[in-house]
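Coming up are structure 1 and structure 2: the same protein chain in two forms, each one given alone as structure tokens.
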Structure 1
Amino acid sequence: MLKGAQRPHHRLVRGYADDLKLWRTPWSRFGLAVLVTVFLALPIVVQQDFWLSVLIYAGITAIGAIGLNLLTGYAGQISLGHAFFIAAGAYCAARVGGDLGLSMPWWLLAAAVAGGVLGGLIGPFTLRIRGFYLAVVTLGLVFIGEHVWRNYTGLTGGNSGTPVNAAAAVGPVDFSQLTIAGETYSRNQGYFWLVWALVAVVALLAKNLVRTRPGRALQAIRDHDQAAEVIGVRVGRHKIGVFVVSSAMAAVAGALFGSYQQFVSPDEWTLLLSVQYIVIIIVGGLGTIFGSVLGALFVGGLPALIDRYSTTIPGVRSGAGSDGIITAYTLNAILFGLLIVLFIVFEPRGIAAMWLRIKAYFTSWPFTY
């Protein structure tokens, strides 16, 4: 350094360690405090079971969407078979948590292992295919699964479905009958805290994964797999690995779905469910973890809202024999298709990009234009 030259102020220099921090600025830490406050207070303020159930379903969906975004948004592998792994997790919870009576950590772990094993078995078949062909191959999982779920009655109960009596308890703490300081909370309030706490854990794990060397390798594979292999990335291992992680997260979401709903049937695991997850990560933002959560909040509760208000929507049949042109199921499919088209055409990077633009505007203010 030249004599008399001044060193730059430490606030203007950001080292590598600062880049690895999740909450670098006071505003980000303030935002975290706000989120924690909302997480704790929302079930107390919003006590209506319907709205809490919509948020619970959105939280469960967010866990599965994070897994799919790792696979599609970060690794560039398009999958339409997410419903298959979600179903596997739900049935695993029914047997391990219900029939065996094991506690929640065990049936969640069993679901994650089952989903990961299935993903590991299917992953090698996807190594030599990509893009549209990979989507077609994973689409076959939905139809194979539909046959298995309807005919393997010992596991799934067949077309009649099966109850899921997996207890949402960790030791003495039962989230379905939560009591804190002598105050008893409803089942929906307890499940809200449980599900969204797990969303935070899964999002934090995924965020740290994509910031590490394997995460950067996945993004290199997405951008150009042959170039990634030239620079030393083991493409096959990373593709199978992300398939395992994504499938495990989907199975955890399925286990929570089954435990909350207490009953599942093969009618749940349709192609529309896989399409819904594709819509979520496109609307939320491909290649972003927080975009998966935003997309789940925006889209995940949509089917429940349509089912609730189908009687007030013109042209929608609320049941057999009622007037209307289309069913609620068809309306869901139409809306999912419209959301995909609109966001791909007008905002390909999803809601996450809108937030990042707003954030950049205020960060650079008053020099924005």
Structure 2
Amino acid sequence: MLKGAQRPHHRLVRGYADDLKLWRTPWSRFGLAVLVTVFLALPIVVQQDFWLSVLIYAGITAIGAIGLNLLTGYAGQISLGHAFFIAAGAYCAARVGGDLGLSMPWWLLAAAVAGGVLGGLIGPFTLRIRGFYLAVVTLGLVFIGEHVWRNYTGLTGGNSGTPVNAAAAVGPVDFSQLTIAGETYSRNQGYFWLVWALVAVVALLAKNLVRTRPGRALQAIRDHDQAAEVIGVRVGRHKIGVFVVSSAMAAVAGALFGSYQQFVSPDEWTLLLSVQYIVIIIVGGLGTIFGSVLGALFVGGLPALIDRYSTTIPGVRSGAGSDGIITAYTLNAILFGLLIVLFIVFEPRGIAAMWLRIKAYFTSWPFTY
């Protein structure tokens, strides 16, 4: 080594390991610290139940969206059947967490396993059916699932739905009434910490998956599955595997959704839910993990905001009797549709791409590229 050699510049890449590092630059480590601080402090600063519940739903959605992004963004398998796996997770939580009364790790695990098994059953379809055919088959899954949820009343409570009494408690720690150092926190605060901690765990899992060998295999399959097979990627194994992982994540999201909402009914697991997840990963950015989270925040937050401020937006009817051209629900649906169209036409790579552009601008400043 040269005498007096300094530490290499943080952008210097000397091997694959450097490329794969999660927190490579001081700035990214600073960003991590900021995120952790926000995570810890936000429920204490923002105590309103409305905002917390919006963020909790967004976090739950983010978990499912990360799963879908693995499947669609990374492996290129279009699935409209995400709602089916989310429903399976919710009902699993209702039975394992509620009826059997097991603690949270168990019902989360049970949901993940149930989702994984269902995904493993559906996954082999992807070997034979490709592209749009797969999209429509998974579309059928939503309808078949809806039929099962409505008729298999022992598991799901049928049309009228089922209460989900899965308690968010691990041993003495109960997230619905958290007590730290003598201070008791509300249910929403506890769930915020629980859900977003799980988002971090799932995101880390997914990130580790995609930045290593399986992830590269998935992307090779997405770009050209036959070419991938020729260079030695075991396509079948990876396609089924990513379906299992993605479904397990969806089921975990479903279990959390059920546990937080305490009640679920078949009306929730419609095609609209699946589409919503697809919108999230498109708006967030296909093939990025943090894009899924950003998308979930954006798409999950927008309807709640419109609902809340519908009285102040001109032309929107807040109740059945009041004036206005359209209801908040309709406005939501229209915005939803426009959002998809506008994003795909003008920013096909989503919010993640916007963020990367901004980042690139500052890293290369004062040069333009």
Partner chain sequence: MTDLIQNAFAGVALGSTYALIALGFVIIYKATGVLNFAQGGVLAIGAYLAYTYTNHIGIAFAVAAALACLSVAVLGIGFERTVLRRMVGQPPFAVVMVTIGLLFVLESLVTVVWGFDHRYPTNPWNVQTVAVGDIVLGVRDLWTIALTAAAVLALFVFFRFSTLGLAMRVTAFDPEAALAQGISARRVYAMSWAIASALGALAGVTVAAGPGGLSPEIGLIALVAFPAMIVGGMDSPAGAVLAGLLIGLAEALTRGYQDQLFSWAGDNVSTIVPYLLMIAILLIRPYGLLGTKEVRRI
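The term rigid core refers to the most C-alpha atoms you can superpose between the two forms while keeping them within 1.5 Å. Residue indices: 1-based, along structure 1. Remember, predicted model here, so these are calculated numbers, not experimental data.
- The form predicted on its own is represented by structure 1; structure 2 is the other form.
- Relative to the superposed core, Ile306 moves its CA by 4.0 Å between structures 1 and 2.
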